[in-house]
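In the form predicted on its own, a lone chain appears below as structure tokens.
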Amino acid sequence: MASLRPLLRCAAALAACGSVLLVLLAPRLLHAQVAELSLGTTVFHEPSKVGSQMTVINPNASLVVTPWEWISVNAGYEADIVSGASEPVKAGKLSSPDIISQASVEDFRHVATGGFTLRKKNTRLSAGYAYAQELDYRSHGFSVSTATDFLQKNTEIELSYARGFDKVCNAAFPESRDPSLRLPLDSSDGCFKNADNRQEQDIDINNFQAGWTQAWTPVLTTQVVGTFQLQHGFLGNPYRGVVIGPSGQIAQEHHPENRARSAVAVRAKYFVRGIQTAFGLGVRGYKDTWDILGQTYQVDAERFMTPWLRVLLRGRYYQQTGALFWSDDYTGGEPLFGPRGQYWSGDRETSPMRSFMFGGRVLGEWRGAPGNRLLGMMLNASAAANLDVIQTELDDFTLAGLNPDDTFAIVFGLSFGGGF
């Protein structure tokens, strides 16, 4: 029950804010649509028979207010409520299974966002700020984007930039200490409290994105999106240890401090009027300076069952290579110098892997009119439920030679929205 109290307090706060908002906007609600409110919750569950299960609950709320046509102001809040267990030590094939143990994981992450959008004819400019806080992590950053459409609004070009300033808590050790002698963080106790046995390490993130959306015909639309990201700082997991010696020596995960990531995605949507169904196809290629190459293929089909009810089915396949320094076992004669001797990782996201995702969504949308509002106050309302299952296959990742069983996940979500 104690783990639910933060969620209940957040829900009560959101309800109170919503009530105050409706009172303040009540005179305007009778005349025009000035606000859109969205509430939702997503639940991620990764079961495990050996005790490394993980559950994440993500309640969220967002509000967009448009006092005039040329400006919109937005605010949002979301939380990640994490509970479960994980393996704190990555042991290779030659390690003893006795090294493997589970550690309980409980965390509560808050994210607050705000921003605005300016519009003039066919151009818009947006800016936003986000702040996130959890027991062992702090993050704040800003983003700006601009977009314009032309050729009778059939073409849209969008450019955006985001800058993140993050800090992660870690065990206190001198910079001169060899990475092979650094032990992983044992808990979040003392983090961001000036404790002598804790330190804060920076993570700088720069993200660039460009997009082109084109409506070729009334039923065919395509989109091309390119992203480029630069990361610098502590890019590992401070809690994760890796067995790096034949005798069982454990050291904190050690990743390179710099990473450049790039991706290009191409998507297409085609609407078949005869069966009232929109078909989608997407392809994405990914590459980074850690030598990870990824490819994603996604298909979906969304059918209008009635004028207000839509059903979406989707599937996705993802595959990647391992990082240049990846090895399932760093005790089996790796070179003393070079990529695998200099860095070591216990993160399965840096190993060769593939995943399959299947799922769908049911969406209902209802529209009123200025003189005939839904429930007497809303111009539109929506409700959606989604369910996805994800299966991951690890080509070269074991825990002391044993295949992990936390490779299946379920994602369920509910959302509600209304325009006033």
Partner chain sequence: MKQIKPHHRSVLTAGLFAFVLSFATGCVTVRPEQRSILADPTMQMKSSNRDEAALQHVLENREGSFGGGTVEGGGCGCN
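Residue numbers count along the first chain shown, from 1. Note that the coordinates shown come from a computational prediction; the quantities given were computed from them, not determined experimentally.
What comes next is about the form predicted in complex with its partner chain, which does not appear here.
TODO: Select from the listed residues Arg310, Arg182, Arg138, His255 the one whose heavy atoms reach within 4.5 Å of its partner chain in the model of the complex.
DONE: Selected option: Arg310.
Task: in the model of the complex, the residue from Val105, Ala251, Val89, Ala263 that sits within 4.5 Å of its partner chain by heavy atoms - done: Of the listed residues, the single hit is Ala263.
Open item on the list: So in the model of the complex, is its partner chain close enough to Asn197 to count as touching (4.5 Å, heavy atoms)?
Closed with: So Asn197 does not count as contacting its partner chain.
Task: its partner chain contact at Gly115 in the model of the complex, heavy atom, 4.5 Å - done: Outside the cut-off, so no.
Task: Exercise: Arg267 in contact with its partner chain in the model of the complex, heavy atom 4.5 Å - done: Contact with its partner chain, yes.
Open item on the list: How about Asp328 - does it come within 4.5 Å of its partner chain in the model of the complex, if we only consider non-hydrogen atoms?
Closed with: No, Asp328 sits far enough from its partner chain in the model of the complex that none of its heavy atoms falls within 4.5 Å.
Task: One stretch from 310-318, 67-75, 187-195, 163-171 that, in the model of the complex, holds residues within 4.5 Å of its partner chain by heavy atom - done: Heavy atoms within 4.5 Å of its partner chain in the model of the complex occur in 310-318.
Task: Stretch 214-247 - residues with a heavy atom within 4.5 Å of its partner chain in the model of the complex - done: Read in sequence order, the residues that approach its partner chain (within 4.5 Å, in the model of the complex) are Gln214, Ala215, Trp216, Thr217, Pro218, Val219, Leu220, Thr221, Thr222, Gln223, Val225, Thr227, Gln229.
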